[in-house]
Ligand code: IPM
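Here you get one chain, nothing else, as structure tokens; it is the form predicted on its own.
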Amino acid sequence: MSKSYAIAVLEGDGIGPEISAEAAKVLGAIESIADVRFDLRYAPFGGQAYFDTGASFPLETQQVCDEADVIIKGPIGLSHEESKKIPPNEQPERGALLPLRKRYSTYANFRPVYLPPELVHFSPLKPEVVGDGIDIMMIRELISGLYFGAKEEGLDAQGLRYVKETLEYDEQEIRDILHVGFTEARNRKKVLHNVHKSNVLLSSVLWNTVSDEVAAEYPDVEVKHVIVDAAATAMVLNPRQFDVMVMENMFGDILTDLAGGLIGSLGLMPSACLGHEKAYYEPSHGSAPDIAGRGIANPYSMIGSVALMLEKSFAMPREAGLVWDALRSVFREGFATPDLAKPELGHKALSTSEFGDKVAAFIVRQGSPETETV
């Protein structure tokens, strides 16, 4: 009997529906080669959801997500002018994304910084720095810290406007994400870079204290401590020294975007957001409303998020590997979407749907029983 999984699909804003369609296409290809069925349940989420329903994370969407095994979401956010029409507390990041993370306690964010040989020419770094590629797994704590702490604004005694935002962690929140980092490091090269700012922040002092305690449970993993600003420099000068990196929320927000620059585009960075009971998967880039509807959006990160979902939520490593291989094959054959295509290198530009077609065709071709027996 086929396994069946219910997937809440939150297409989001801008290019979200276009790249979500390619994710669905790839899932269809997986169905054709594996004994599995995916029940895709679409629901509104983000800026357009606010205009359509009065809420950026509507109650009906919450119910769809509650009942699903897993969630896959497109990018959210509208143009600056459209966003100004939405009340601050309902703007997509505050009204939808942060509540989604908190509702399902998706505390562990995985962002693979993956630049295999077929993609190294996309990096702005010198060839001698990139070498034959970059392969880093960045793990970010996602539901605590400054972004979720108490917030206050008003006028002080001198009549000056002020804001106060609280960075707060408890030891269990730190311990949870460190266990994720150590486990990932154990399964890879057994080296973990712990990113912190303990020379300034008391939160990092506690973080490092807990890190030492957790490290005792992983004697086979080497821990390297690095201050966050030094980590930013080192990632540019020698990214290949890193394998698994773990960090708190705001550090992760900044460094993962820096990592997108190292590989040439956030369009090449999928992500997984895991909780103890539910997970959601999303591309790391924005909704690009300026190119929405033109069929030129790059679906790589959305499709890569499907690969992460297959691996981490559905225990389908073979199929996840096929998706990664399929993505690499598109570039290996000299194709790219317009955002990445370099005519001087002979690239042939593909539309969003053409890119997805090639990925799906590769999966069907390479994953079929006939291919396996050759």
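Numbering starts at 1 and runs along the sequence shown. Being a predicted model, the structure only gives us computed values, none of them experimental.
Unshown form predicted together with this ligand; subsequent notes refer to it.
Undergrad: I need to confirm a contact call. Of T106, S204, S144, S284, which residue comes within 4.5 Å of this ligand in the predicted complex, counting heavy atoms only?
TA: Checking each option against this ligand in the predicted complex, the one that comes within 4.5 Å is S284.
Undergrad: Which residue among E82, E118, D176, D253 has a heavy atom within 4.5 angstroms of this ligand in the predicted complex?
TA: By the 4.5 Å heavy-atom cutoff, the listed residue in contact is D253.
Undergrad: Would you mind picking out the stretch of 240-248, 162-170, 295-303, 95-103 that comes within 4.5 angstroms of this ligand in the predicted complex, counting non-hydrogen atoms?
TA: Of the options, only 95-103 has residues within 4.5 Å of the partner.
Undergrad: Does H193 reach this ligand in the predicted complex if we count a contact as any heavy atom within 4.5 Å?
TA: Contact with this ligand, no.
Undergrad: Although the partner isn't part of this model, could you tell me whether R111 comes within 4.5 Å of this ligand in the predicted complex, counting any heavy atom of the residue?
TA: Residue-level check for R111: yes, a contact with this ligand.
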